[in-house]
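Listed next as structure tokens is one chain, alone, in the form predicted on its own.
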Amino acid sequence: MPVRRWRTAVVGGVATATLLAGAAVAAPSSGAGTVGSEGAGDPYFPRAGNGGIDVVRYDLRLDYDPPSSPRRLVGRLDGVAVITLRTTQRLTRFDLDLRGLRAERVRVDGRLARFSHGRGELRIRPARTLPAGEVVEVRIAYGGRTGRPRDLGGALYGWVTTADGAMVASQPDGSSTWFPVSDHPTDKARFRFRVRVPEGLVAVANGLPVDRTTRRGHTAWSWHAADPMAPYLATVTVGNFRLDRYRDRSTGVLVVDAVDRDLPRSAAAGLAATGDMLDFFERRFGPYPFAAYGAIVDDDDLGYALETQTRSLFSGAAEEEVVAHELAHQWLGNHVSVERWADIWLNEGWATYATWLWAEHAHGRPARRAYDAVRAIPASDPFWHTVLADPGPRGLFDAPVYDRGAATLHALRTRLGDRDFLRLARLWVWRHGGGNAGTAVFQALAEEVSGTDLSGFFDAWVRTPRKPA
């Protein structure tokens, strides 16, 4: 999740099973028509995601009017979400997550459906019972005012209204502030976006640009993200952007950058290393996993950056270290995603360690030096009191998770040796790319690669709230 520019944060988790891409957790069946659970079963965010359904695709058609005055940061968002989903159980009702906006009309396979709304849940009762394994289309018209929502730690997230548009950074569960969604990483889906904004503004989203059309003072921007994506990684950021499109010579990856015209050129200087970073990370983690990459650099400052899939979001500036972190996330966090939010150290620890490796490669700063700096923190410091594999929902983005996570990986590299550690990194991405996995699965893979029992190592580094010996 967000890399706060002054520090990185991470969270770890113990999980025992690997879910297939897009496999939402289903509620137990109980007789003749059943109700899908209101959450995906994540203990940190019990109502995030939804049971009984597996979303295949979101087709989002949005109309957005930014604030009329910079003194009052309130916009207006109206949308139609066309959601293709597959039922995973027999359903008389299912839920989607939606907060702050109101549904106006719901159809399931073209037929009007009854619905109610409360506690961030849109509860839908289709006109007929849906059998398990059926693919259905859900069309939801919705809308409302947009503002500046905050997460549990008080940071702005979700659809953040700005003076000249909006910044969208939704980790961990902020996607429900701008569209109806099964808002958990285990329910990955493909996305299409069509975003209509006042002429002169640019709407930037994930994936590939499709087209843009201008009529009657408004421009509609279309984007297509064909690679499965966890909902929190979706973005539609609106502002005064300059688009720059090129193909990286070394890797062949299409890069589309959007940089706010109001920023000095120095604010995006870190993007100059993107091509070299792509090449460097491909040699360590395998081929770049998506159809495109790029960055959004906005002049409003959230205080953090986010690895929004294929188009990392930077607020205020794109500094080289943070650019490396968010790019590494495309393999580690986006392609291989957490199974439960407690597993987040497998996102942030890897991205932080990848930044250490980049600094070693590009600037001659040994990764060992960064590791030693972490190890130098006294055992009495609260830094070591976080359980890496279970930091709690309020500890998801605390500094120990990022830095202890990276130090854990360096210690594992020392234990395994460079050759096996590199093999572990590439196997992790190759086996679990496109899906989700947790700490227990990572440990098992490390033991497979090394041929040794690493339970003592993982207990000391990720499951114990004290400094490893």
Ligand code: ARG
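Just so you know, these numbers come straight off a predicted model, no measurement behind them. From 1 onward, residues are counted along the sequence shown.
Keep in mind the form predicted together with arginine (ARG) is missing from the figure; the text below concerns it.
> So which stretch, 301-309, 365-373, 220-228, 133-141, is the one near arginine (ARG) in the predicted complex (non-hydrogen atoms, 4.5 Å)?
Comparing against arginine (ARG) in the predicted complex, the contact stretch is 301-309.
> Using a 4.5 Å heavy atom cut-off, which residue among Pro172, Pro180, Pro126, Gly79 comes into contact with arginine (ARG) in the predicted complex?
Spelling it out, the residue with a heavy atom inside the cut-off is Pro172.
> Scan Phe397, Phe285, Tyr293, Trp358 and let me know which has any heavy atom within 4.5 Å of arginine (ARG) in the predicted complex.
So the residue touching arginine (ARG) in the predicted complex, by this definition, is Phe397.
> Establish, in the predicted complex, whether Glu339, Asp343 and Ala446 all lie within 4.5 Å of arginine (ARG), using non-hydrogen atoms for the distance.
Heavy-atom distance to arginine (ARG) in the predicted complex: none of the three under 4.5 Å.
> Taking any heavy atom pair closer than or equal to 4.5 Å as contact, tell me whether His325 reaches arginine (ARG) in the predicted complex.
Contact check for His325: yes, within 4.5 Å of arginine (ARG) in the predicted complex.
> Is there a heavy atom of Asp151 no more than 4.5 Å from a heavy atom of arginine (ARG) in the predicted complex?
Yes, Asp151 is a contact residue.
> Within a 4.5 Å heavy atom cut-off, is Glu348 in contact with arginine (ARG) in the predicted complex?
Judged by the heavy-atom cut-off of 4.5 Å, Glu348 is in contact with arginine (ARG) in the predicted complex.
> Given that the partner is absent here, does Arg194 sit within 4.5 Å of arginine (ARG) in the predicted complex, heavy atoms only?
Result no; Arg194 lies far from arginine (ARG) in the predicted complex.
> Note that arginine (ARG) is not shown here; using its position in the predicted complex, name the residues of 137-170 with a heavy atom within 4.5 Å of it, in sequence order.
Asp151, Ala155, Tyr157 sit within 4.5 Å of the partner.
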